[in-house]
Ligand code: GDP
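Let's start with one chain on its own, the form predicted alone, as structure tokens.
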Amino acid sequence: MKLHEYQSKELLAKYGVPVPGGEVALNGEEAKAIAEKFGGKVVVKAQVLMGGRGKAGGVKLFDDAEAAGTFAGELIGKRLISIQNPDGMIVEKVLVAELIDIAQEFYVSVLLDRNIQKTIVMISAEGGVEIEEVAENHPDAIVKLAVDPKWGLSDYEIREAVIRANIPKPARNQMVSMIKKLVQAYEAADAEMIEINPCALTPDGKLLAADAKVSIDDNSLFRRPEYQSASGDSAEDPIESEANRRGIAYVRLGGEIGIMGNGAGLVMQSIDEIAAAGGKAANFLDVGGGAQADRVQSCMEVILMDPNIKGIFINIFGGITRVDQVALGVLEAFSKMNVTIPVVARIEGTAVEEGRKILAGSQIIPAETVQEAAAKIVELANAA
């Protein structure tokens, strides 16, 4: 899960990484009071987990506390919309941080490289822009340093990488120290990624994490109670956020055919068959084991939150879970909902005949095979 910027900076500060001063505000008055602590010279940043928040009007610089408070008051409660997130996200809080002068901007991150199955440190003297852009246009400007899982990193290895990355002399010692602390924070916090961009060198020679992004391994959340309440906000997509809060495995894919299946492999097969039939899946959704009525209803509600849905494909295989019990759950869920778009179901497995009898006569259109179901729902969706 992704952390908000203020949470990321709190984590880094805990391990000694220098960050600009700042506090979170929930309204304009709080923002004004925080800005006054910094003499009015602040940057107000919307705390939403979406890309392009600056271009969407969610980040602004100030040299007056009153103006900062007014802006924060107008921003909180507003929906920010960006190219990366066309549905937008509601701003519930802002970070009011001291405004720092920047002489140079660098990039540094710690993340897992699955190709070599090791944690790596990435360093570049070209900070302040997307690292993908740097990688495409100036790949030599990025230095990668693999962390030995047993021995970690030595000072000389980090220093050599910092020099190769063309970090200027005034910042080298501080960069070596920062990288050591970032790796420590990464390992201690069960992080999947820590990114500092920009890593700012001030005119008086101080190196600061001016911005920070941290992603925590979802599987470690039982050890992170301080982040569990916010885990539903970690998705940039609002429907994914809601699914997360409900404990539903859901990924939005941008198509028009909603998909629900029990098991990741079955759902992925459904997505492929929809594509082969000429359609595009709107989502990945694994209903999980059991598929009781309340669970099915909750999953259907999530699928129908997408306004682009034109049809729904249910693909259920009953192994340990009996198909007739799944059919009862589906039927009961649909009896409580007003579903006006076509729904095609392919059910197979233990007690399949009983399951088909249960669904007979309902609004759910049966299909014998996955291919038949995919072709039928694509046809019905296109005709809608």
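In this text, rigid core is short for the largest set of C-alphas that superpose within 1.5 Å between two forms. The first residue of the shown sequence is 1; numbering continues from there. Note that the structure is predicted; figures quoted are calculated from it, not measured.
In what follows, reference is made to the form predicted together with guanosine-5'-diphosphate, a form of this protein that is not presented.
You can rule out all but one of 100-108, 71-79, 147-155, 240-248: in the predicted bound form, only 100-108 has residues with a heavy atom within 4.5 Å of guanosine-5'-diphosphate. Only one of the listed residues (A276, V129, I90, A188) places a non-hydrogen atom within 4.5 angstroms of guanosine-5'-diphosphate in the predicted bound form, and that residue is V129. For the options A65, A345, L359, V43, the one in contact with guanosine-5'-diphosphate in the predicted bound form, meaning a heavy atom within 4.5 Å, is V43. Although guanosine-5'-diphosphate is omitted here, in the predicted bound form none of S8, G16 and M193 has a heavy atom within 4.5 Å of it. Contact check for L331: every heavy atom lies farther than 4.5 Å from guanosine-5'-diphosphate in the predicted bound form. Looking at V339, you'd find every heavy atom of it more than 4.5 angstroms from guanosine-5'-diphosphate in the predicted bound form.
Contact between V59 and guanosine-5'-diphosphate in the predicted bound form is found at the 4.5 Å heavy atom cutoff.
The closest non-hydrogen atom of G319 lies beyond 4.5 Å of guanosine-5'-diphosphate in the predicted bound form. For the stretch 186-220, the set of residues having any non-hydrogen atom within 4.5 angstroms of guanosine-5'-diphosphate in the predicted bound form comprises N197, P198, A210, D211, K213, in sequence order. Taking the rigid core as fixed, one finds a CA shift for Q84 of 2 Å or more between the shown form and the other one. Core-superposed comparison between the shown form and the other one: CA of G318 displaced by less than 2 Å. Superposed on the core, the two forms barely differ at D272: its CA moves less than 2 Å between the shown form and the other one. By 3 Å or more, the C-alpha separation between G51 and R252 grows in the predicted bound form relative to the form shown here. Relative to the displayed conformation, the Cα-Cα distance from G54 to A243 grows by 3 Å or more in the predicted bound form.
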